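Starting off, we have a lone chain in the form predicted on its own, written out as structure tokens.
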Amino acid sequence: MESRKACDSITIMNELVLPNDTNVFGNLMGGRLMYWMDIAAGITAVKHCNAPCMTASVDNLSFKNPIKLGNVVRIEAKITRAFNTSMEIHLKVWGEDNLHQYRYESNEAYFTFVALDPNNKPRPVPSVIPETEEEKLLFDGALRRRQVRLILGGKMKPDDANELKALFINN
């Protein structure tokens, strides 16, 4: 299976925040944003492996600034690393106030997707080739983030998380 560049999977999605997308404070509802982020991450995963994919986990969804009614939501999704059958996708979200002409950071998150074969069973995915410094940093950190997800999900014992241990134990 041929490796793929991280930049080949980039997805940029824009949405206008309408009244039905907001809460009583006039801010975009978190659930609506997560829905849009899941779509962008799913497109990125499918672009990377050319197969159907499904969401396996969402973690580190950080809300920095609310996005107001009438603003545009800009979501950028990029694959950080592929494992055997799963892929980690990094998402950055900005709000764009077109009336006042400025963009502001809103959210950031990591989603994990699993590729599926015709029987809806996990299937292997191509590895990722990071090229830029940012891609390399995200790639290097992905294994540690994966180990945290597996420990929290009960699928890995903390003693087996060698990447995480290396951060805390000096040899």
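Numbers for residues come from their place in the sequence shown, where the first is 1. Remember, it's a predicted structure, so these values are computed and weren't measured experimentally.
Another form, the form predicted together with another copy of the chain, is not on view; read the next lines as being about it.
Listed residues Leu137, Leu143, Ile129, Met34 were compared with another copy of the chain in the predicted complex; Met34 is the one with a heavy atom within 4.5 Å.
Taking non-hydrogen atoms only, Lys5 never approaches another copy of the chain to within 4.5 angstroms in the predicted complex.
Though the partner is left out of this view, Asn98 does reach within 4.5 Å of another copy of the chain in the predicted complex, counting heavy atoms only. Contact annotation for Tyr104: none of its heavy atoms lies within 4.5 Å of another copy of the chain in the predicted complex. For the chain shown alone, Val46 is a contact residue for another copy of the chain in the predicted complex, at least one non-hydrogen atom being within 4.5 angstroms. Residues Phe111, Leu116, Asn120 are the ones in 102-120 with at least one heavy atom within 4.5 Å of another copy of the chain in the predicted complex, listed in sequence order.
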